[in-house]
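Take a look at this one chain, the form predicted alone, written out in structure tokens.
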């Protein structure tokens, strides 16, 4: 299969979570319009995505939820092996993400966290050891870490992201407000403040009336 578009992979991940909830609730088949309604998108988009991954349903019953979950898992998980993840910067946001990942049902294993605070180094956070940022390359190589979550203060973002790339991390999720450029690394950026301000703008009474 060809490399899928980023937005398609995002939707497949959302489909799987929603489908798993439906399966847990005793539903075994679902129509495209029902899945679309659960995710606030169009049935046409759902059908396009599912056709793109080579799955078909039936007019009488729709899509088999169990089969669709298995197919999506084969595609976006890539293999039966678990991918190892590190959080770099174990402040309040880093700790919140750590707890969230530990509670998530995903083939992603949180292998290590890193910080430069001596009081945090050597401490276990929800069972995950915090290492010195200076040992990043050694631990990444030892643990086979391929994904890094960056939650350091903005002034350190560029320097630390370069260290992550040089250590062998090939996918970085940037939670700092600093826009990064890292050739040869898949980079996803989430600016929490910008997102919050966007929501605040559209939530103003005069703007909400226009929605």
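Residue numbers count along the first chain shown, from 1. The model shown is predicted, which means the values in this text are computed figures rather than measured ones.
Below: the form predicted together with another copy of the chain, not depicted.
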**OP:** Indicate whether another copy of the chain has at least one heavy atom within 4.5 Å of a heavy atom of residue 58 in the predicted bound form.
**Re:** no
Subject >> Partner proximity in the predicted bound form: residue 142 to another copy of the chain, non-hydrogen atom cutoff 4.5 Å >> reply: no
Subject >> another copy of the chain contact at residue 24 in the predicted bound form, heavy atom, 4.5 Å >> reply: no
Original post:
So, in the predicted bound form, is residue 31 in contact with another copy of the chain at a 4.5 angstroms heavy atom limit?
Top reply: no
Original post:
Ok, 123, 117, 135, 106: which has a heavy atom sitting within 4.5 Å of another copy of the chain in the predicted bound form?
Top reply: 106
Original post:
Which of these stretches, 61-69, 159-167, 144-152, 43-51, has heavy atoms within 4.5 Å of another copy of the chain in the predicted bound form?
Top reply: 144-152
Original post:
So which residues in 23-50, when you check another copy of the chain in the predicted bound form, have a heavy atom no farther than 4.5 Å from it?
Top reply: 38, 39, 40
